[in-house]
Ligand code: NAD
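Below you'll find only one chain, the form predicted alone, shown as structure tokens.
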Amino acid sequence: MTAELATPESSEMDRLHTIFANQKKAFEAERHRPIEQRKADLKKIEDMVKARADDFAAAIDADFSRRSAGETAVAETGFTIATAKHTRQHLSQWASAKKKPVPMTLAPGKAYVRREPKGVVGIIAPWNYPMQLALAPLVAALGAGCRVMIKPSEFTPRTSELLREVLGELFSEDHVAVIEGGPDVAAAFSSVPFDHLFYTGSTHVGRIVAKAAAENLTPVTLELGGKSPTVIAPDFDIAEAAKTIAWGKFLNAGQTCVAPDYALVPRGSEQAFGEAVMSEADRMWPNVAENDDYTAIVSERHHTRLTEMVEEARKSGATVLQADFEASKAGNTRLFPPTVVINPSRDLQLMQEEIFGPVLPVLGHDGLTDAARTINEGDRPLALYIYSKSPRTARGFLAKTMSGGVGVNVPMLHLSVEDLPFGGVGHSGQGAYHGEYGFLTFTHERAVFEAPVWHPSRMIQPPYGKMFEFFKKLQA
């Protein structure tokens, strides 16, 4: 291609393939990066995030047109630091060979599992938590000893540029590299024959990524989403439940994959619960138009989609509760106020798609069996939240349903427990990470059996005779 015809997208695609080739060569030259060097890699990320926290907050704020600095500190920088520290502290244990018992019929011998890096891996990160969801998988991959290429979202260009800058200062491109660009670059990235591909984003795009990876038989981890339900049992006070559900729903303006997507409450309490949620939203984010703690919607297209969802519900006759909001005071930010929709019809867009915004549909249920039936009629969600005073009741409800993860009496916090796997099931994803589960995602567990120079197995080779019959009796 001539220089005159080259475009930023085509140049980045050329860079993508060059870096992949260089990382493959680098991995072959150092297939087993020493554990202490891996720990040093993680410490560099930890220190960088601490040093550049304000820069990341400013970049994300600019990308969203308003992103709460407090939310960035908790959900992005603080989360990433904790992940890097936890992985670094446990890495030696995770990476050690795991001894396995040898059956009597195969003795003497040693059996163990070697935990080895898969090689060169790709990470496709989304826009909703553009720092955390790029760096947390990176931590897991580097801990496993892999080489890593990251494709951030084009919807958060300033954060993507900052990621490329800071990681370029810490690592050579044949170790860690950031590839920027739009959908064409993302499609090319998905088609690279990585040793593992890690994607976080929508179910729709996840299908496309999985198909592209399948052409190369590349294993994939898909961290998707879906309509995560929140259920209030009859024994739980709805006003008390509203305190944490409002926080979980409206954090990051609902742009969180594990945010409560809709609520199922005891029939007859829908209006009271909706009003309680709105009261809590007003307490936490008063005057949302001018409140810097309330985050904007990432793009005009997404803002329009949310507006159309709510207007469709309103026209259908559903009751819509919405925080007081003067758009003129919001400046040029893409704000969407906290909203509750009471008893929307199941055929509305609001109930057919993951909302991914600050809109909470509230529906009635006729008991937990009815609530479970409603949930099970849809795709398996990424998260499920059950509120009950009785642990037995809550656990009984879990036995009737399936989801990627669960929160009992609180939303979202299960993903902050480093030793719990985070991932979906069915349409909400496949594979998991966080803690050791993340390390294992990018690790090949290699089975090894070591026999002495002479092993009794020679005695059961053909021609089969009395010794073979003896070994058959041992196995009976």
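From 1 onward, residues are counted along the sequence shown. Small disclaimer: the values here were computed from a predicted structure and weren't measured.
From this point on, the text means the form predicted in complex with the named molecule, which you will not see here.
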property: Selected contact from L167, M351, A289, V205, since only one has a non-hydrogen atom within 4.5 angstroms of the named molecule in the predicted bound form; result: V205
property: In the predicted bound form, the one of T339, T72, N128, T83 near the named molecule [non-hydrogen atom within 4.5 angstroms]; result: N128
property: Per-stretch contact check against the named molecule in the predicted bound form, the hit in 139-147, 241-249, 279-287, 206-214 (non-hydrogen atom, 4.5 angstroms); result: 206-214
property: Contact flag, F439 vs the named molecule in the predicted bound form, heavy atom cut 4.5 Å; result: no
property: The named molecule contact in the predicted bound form: L382, any heavy atom under 4.5 Å; result: yes
property: The named molecule contact in the predicted bound form: G201, any heavy atom under 4.5 Å; result: yes
property: Exercise: E154 in contact with the named molecule in the predicted bound form, heavy atom 4.5 Å; result: yes
